[in-house]
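Look below for two forms of one protein chain, each set out as structure tokens: first structure 1, then structure 2.
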Structure 1
């Protein structure tokens, strides 16, 4: 009966310590005072947080400050939520224009992570699932191929050196074939994927570029393969996705 209560108390104390350090470096006694906990408890919590990289001691001092791992997480979340907030109006417009779900994603290591998705205002009875929060290997989806196409050659070579997982018979698992696809992506400015991650699902994606000319996200539209894209509609759809990516990039470069 007491374990859940103890666990919650530990979390609360850890957050109290982190809040205390948000204002700048503090010694153990000052942390204890600011967090309203005993000094011995503050010392234990600081030691545990330091072991996880959430806090660290100021070099040459006994004071503690927020650590690099915590700051990295916070920075990454901030950038992600900035992109989501800036992209959302364009996703709404794009989903309405094309009548299919539109989403935005970021690269997380060797995977693409979907961070937002918008459904069209009058959705077809047959809809694809919401992929928000899902991580998928880069080679298997259109957004991932957009990211791969922009990687420096040495980094791309490291990715291709590992076995490429097959999710369907259509997944590109041959490095030579994937490289040819990536050349097309760089030439066209977008990537089409049909049934390569999930049978019956097609998508098209384009890259979003920030003020440093770096690809920071990708925008995509996906739908059931039997209707998306309709024959002869590929260029119009891809053009709309590229234009949407350009609008989001312009807003990012303008600071929102």
Structure 2
């Protein structure tokens, strides 16, 4: 291998297989193709994963899909798990109300990690792809700015010390401009971002606060800039997002 390739390779492959299956049930050959591994190896890995309950054959067919045992592991995620589970119904409502996709994210170091997303009912054919599982630098997206806005000043300045990557011409790469934006975010309780991460994509986000008054997650709604937000509709939309975030926070604080 030209690159050192750190780590245990079977594990790499196993997860490649799991991620491939996350898209829906697949047969052995498809898995092999999707995960870039030889067919026989794919079969062996699938068998091993099946023995662990991480995947299972869909009854009748011979394709594989993710197995329910993953949930028993995922439920060990603790607070993160609670957040996703609790947020889901509210996201469904929010997506329905605004007609665009809604999602939750958490902060992971200097990036946002999107952990769940729900599409509106009767989604418009023009829709934003599902970002679940993606990590994006904090300054480039609305959820990230929400996280940044509540960081203690010294921590924040450590983030600003490094150069801010540009994704589009609109990305805020200047520390001063970003600080000004964060001031707005703190004032409004939400962050509006247009075309800063991807051209033609707009989003609003608001933060979720747990019992210890800490920001543990953020929710957002996003859609194509040409129709979202409709001019003059920004406040209504932002209000809905803030309200949803508040509701989720309340549930989180109430129910364990």
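Numbering follows the first chain given and starts at 1. Heads up, when I say rigid core I mean the largest set of C-alphas that superpose within 1.5 Å between the two forms. The model shown is predicted, which means the values in this text are computed figures rather than measured ones.
Structure 2 is taken from the form predicted together with the DNA, while structure 1 is not.
Taking the rigid core as fixed, one finds a CA shift for residue 14 of 2 Å or more between structure 1 and structure 2. Here residue 59 counts as shifted, since its C-alpha moves by at least 2 Å between structure 1 and structure 2 after the core is aligned. Its Cα shifted by 41.3 Å between structure 1 and structure 2, residue 29 is reported here after superposition on the rigid core.
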